[in-house]
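One chain follows as structure tokens, the form predicted alone.
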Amino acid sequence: MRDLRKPGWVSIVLSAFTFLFLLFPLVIIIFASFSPTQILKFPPQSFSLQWYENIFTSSSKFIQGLIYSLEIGAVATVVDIALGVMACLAVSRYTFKGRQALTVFFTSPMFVPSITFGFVLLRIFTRMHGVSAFIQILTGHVVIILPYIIRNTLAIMSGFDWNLEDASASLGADPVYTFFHVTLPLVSPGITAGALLAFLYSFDEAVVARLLHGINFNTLPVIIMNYMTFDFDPTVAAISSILIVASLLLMIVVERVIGLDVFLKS
């Protein structure tokens, strides 16, 4: 009798094809980034680093766009950690009428198309003169990445034993001490996972940033889109390869620190 705990050969073959289907485009991009010519060829006839050099020497200001994207993503994530944790504590710790509706409201930006939300913000900020592009894009990203922190934090708090807070209070600890020394350490894996997903989404977001960008303020995805409008060479493949390697290293660090299984709990 076959052991049902072991996958069959059909499952193994399908899983292998699925992984190849997902990974093969990434392999092509990495190989294409070393192409010696402007025309993308796979496999390349020889290897060149000129497109990696073009990232730093091009007039398209890729590095400046990278800095802006990191700034927007970092600030938006920090703001949403504060907002998201307080919101999750409210809907998880206490029982009140409309709690479920409030949870749906917090996660609703996930179901609104980015172009619709970006257009609404554009109309609002057009009537508000003097608002910098940084604040405009930051406002949009704070809203659209909040659900990722909410969902992951709620997933951890759903199994949290709130009697631990009562025990801390019975020992003389005030609410602030209890939060930072009891509650926060126990739910930090969910917060970390949500913050990582939120940051990556903010870093990669292009629709809202494209609508709200300024003349001298463009995030990296917007610069890449503008570059591809007029030029098509392996420079974009080189940038993509760097981001792929950086994402892989980040996933390895996350796996070592908190474990990737935290992402599945939401």
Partner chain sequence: MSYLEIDNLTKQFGATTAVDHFNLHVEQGEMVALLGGSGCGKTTILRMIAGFLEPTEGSIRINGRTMNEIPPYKRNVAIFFQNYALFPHLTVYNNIAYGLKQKKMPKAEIQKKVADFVHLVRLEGLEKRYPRELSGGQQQRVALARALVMEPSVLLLDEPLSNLDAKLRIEMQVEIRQLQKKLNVTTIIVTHDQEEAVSLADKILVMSEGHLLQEGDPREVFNYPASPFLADFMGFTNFIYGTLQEVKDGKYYISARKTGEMLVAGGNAPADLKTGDSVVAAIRPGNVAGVSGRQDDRKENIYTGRVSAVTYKGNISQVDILEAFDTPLHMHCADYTGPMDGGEVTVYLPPEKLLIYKA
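All figures in this text were calculated on a predicted structure; none of them were measured in a lab. Numbering follows the first chain given and starts at 1.
One more form of this protein exists, namely the form predicted together with its partner chain; it is left out here, but the text below deals with it.
- This chain is displayed alone, yet in the predicted bound form one of S114, T139, T192, S168 has a heavy atom within 4.5 Å of its partner chain; that residue is S168.
- For the residues V75, L83, L164, L89, the 4.5 Å heavy atom test against its partner chain in the predicted bound form is passed only by L164.
- By the 4.5 Å heavy atom rule, the three marked residues G214, F217 and I224 all fail to count as contacting its partner chain in the predicted bound form.
- Just one listed stretch, out of 67-75, 92-100, 178-186, 145-153, contacts its partner chain in the predicted bound form at the 4.5 Å heavy atom level, and that stretch is 178-186.
- Mapping the unseen interface onto this chain, G130 falls outside it, with no heavy atom inside 4.5 Å of its partner chain in the predicted bound form.
- The shortest heavy atom separation between A173 and its partner chain in the predicted bound form is within 4.5 Å.
- Within 4.5 angstroms of its partner chain in the predicted bound form, the stretch 122-140 places no non-hydrogen atom at all.
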